[in-house]
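A single chain, nothing else alongside it, follows as structure tokens in the form predicted alone.
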């Protein structure tokens, strides 16, 4: 007899699904329901879902082994809920999206969140494909919804084309894996890929092609070409969301996919992931040097950080998973704080770096908090970004991945140059225009509340280490 009780362990996913149904369908069919406060409903439901995730314990295999809920998935899901709620707050201080379509926008976000949850808990290739598409399709639409930038439609089309190509390559790789092992379950795949297949061309093709779809969501090289155009043209709050949440979901899918590898496969997999991490860090940091648009600069910065985070994935052990999770809350604070500052300062939607000349004269507190976020992104002590990168360097050093460490060091130095150049424009250069402050001070408070933990965690990071320790094992 089929027991449905364990499936209640995925109750937060059912709750997020109900959000999508509410905003997409009930909002269209029930007269007057759109008069309800969509933002309050959305945030309240996310808070309830986060509370349910925090109250759950243990590990559960659901839907015939296609989904696994455990401490790993629960902690990451809570981060998705937090990021989504913060991005909704950012949407209120941006006029790039039509506010009359909030119900549809929140419906897209609900579907996207559900897809990220399944990416994090998937233990079967079929579920992984469905989850990736659930994240990708709403993302394509959200990028196109910038009514202030006609280029958003073109950027969305590029995003769709690259996404379709990456999905096709991934499915081709999965067909190899199924042909070689007769299974689509992660654990069975690695058990089926015995020592006789390791090092063969078909082995590298199967793993490499399957990795393509995951790399696309992370914006890792060579599946990063969509990223700068999409980030530049999308509504800025959506850019902030895409730079954090789907990227993290892609990393969690990678970590779960490679978690059951056999020891005989370790060196080959580490070599493949290290190459991707090295190229991603180097390309992202050096490409950012010549950018004149601040959103494109942060897009390439996001690509470089994807490479840094893949250092923790490449070591293929529990310490690497802990280091990745340790860095992600820091990365969320840095990125969301930086993008909220841009929303506040670029009131005329001019994102050229030169348009921010002398911004500190009109907004000293905001620019100071922005400086904390960017210096933390660069990995400068005493901010939390330095500690996060230190842990990633540490796990790579213990594994003996010295070429990757060298690439990360070079990337850090290069990124410091363009971050400091950006701060020079805002703080030292002559003021190009008068920055008229918005009526609300909430954005300034938002950025300050992102910056303060970066200072605190840079000096005392034990609570974050203890939190990150919960994702070392899938339990």
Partner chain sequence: MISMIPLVPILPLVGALIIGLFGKRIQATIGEFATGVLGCAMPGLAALISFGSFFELIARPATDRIIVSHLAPWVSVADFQVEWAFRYDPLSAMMLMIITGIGTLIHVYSMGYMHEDPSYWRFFSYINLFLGAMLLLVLGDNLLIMFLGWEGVGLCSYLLIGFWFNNPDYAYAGRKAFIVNRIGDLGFLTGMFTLILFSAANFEVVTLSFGELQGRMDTLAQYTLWGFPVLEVAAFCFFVGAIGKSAQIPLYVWLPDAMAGPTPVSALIHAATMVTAGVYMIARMYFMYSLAHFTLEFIAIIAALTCFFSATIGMAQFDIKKVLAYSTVSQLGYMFLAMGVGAYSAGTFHLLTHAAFKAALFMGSGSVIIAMHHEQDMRKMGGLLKKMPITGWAFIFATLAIMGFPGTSGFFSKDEILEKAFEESVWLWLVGFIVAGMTSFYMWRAVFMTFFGEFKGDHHTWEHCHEQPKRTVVPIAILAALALSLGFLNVPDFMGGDYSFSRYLSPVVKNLEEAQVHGMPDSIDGEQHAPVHAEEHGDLLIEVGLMVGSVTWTLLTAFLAYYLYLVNPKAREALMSRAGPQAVFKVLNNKYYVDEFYDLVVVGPLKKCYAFMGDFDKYVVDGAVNLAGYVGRGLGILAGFLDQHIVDGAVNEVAWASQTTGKGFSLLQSGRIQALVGATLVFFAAVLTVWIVYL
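Positions refer to the first chain, counted from 1. Remember, it's a predicted structure, so these values are computed and weren't measured experimentally.
Although it is not shown, the form predicted together with its partner chain is what the next lines describe.
- Contact annotation for the candidate site: 122, 178 and 470 all lie away from its partner chain in the predicted complex (no heavy atom within 4.5 Å).
- Across the options 354-362, 203-211, 76-84, 109-117, residues that bring heavy atoms within 4.5 Å of its partner chain in the predicted complex belong to 203-211.
- Checked against its partner chain in the predicted complex, the candidates 141, 264, 129, 272 yield a single residue with a heavy atom inside 4.5 Å, and that residue is 272.
- Using a 4.5 angstroms threshold between heavy atoms, residue 89 stays clear of its partner chain in the predicted complex.
- In the predicted complex, residue 162 approaches its partner chain with a heavy atom inside 4.5 Å.
- For the chain shown alone, residue 222 is a contact residue for its partner chain in the predicted complex, at least one non-hydrogen atom being within 4.5 angstroms.
- Within this chain, residue 460 lines the site of its partner chain in the predicted complex, having a heavy atom no more than 4.5 Å away.
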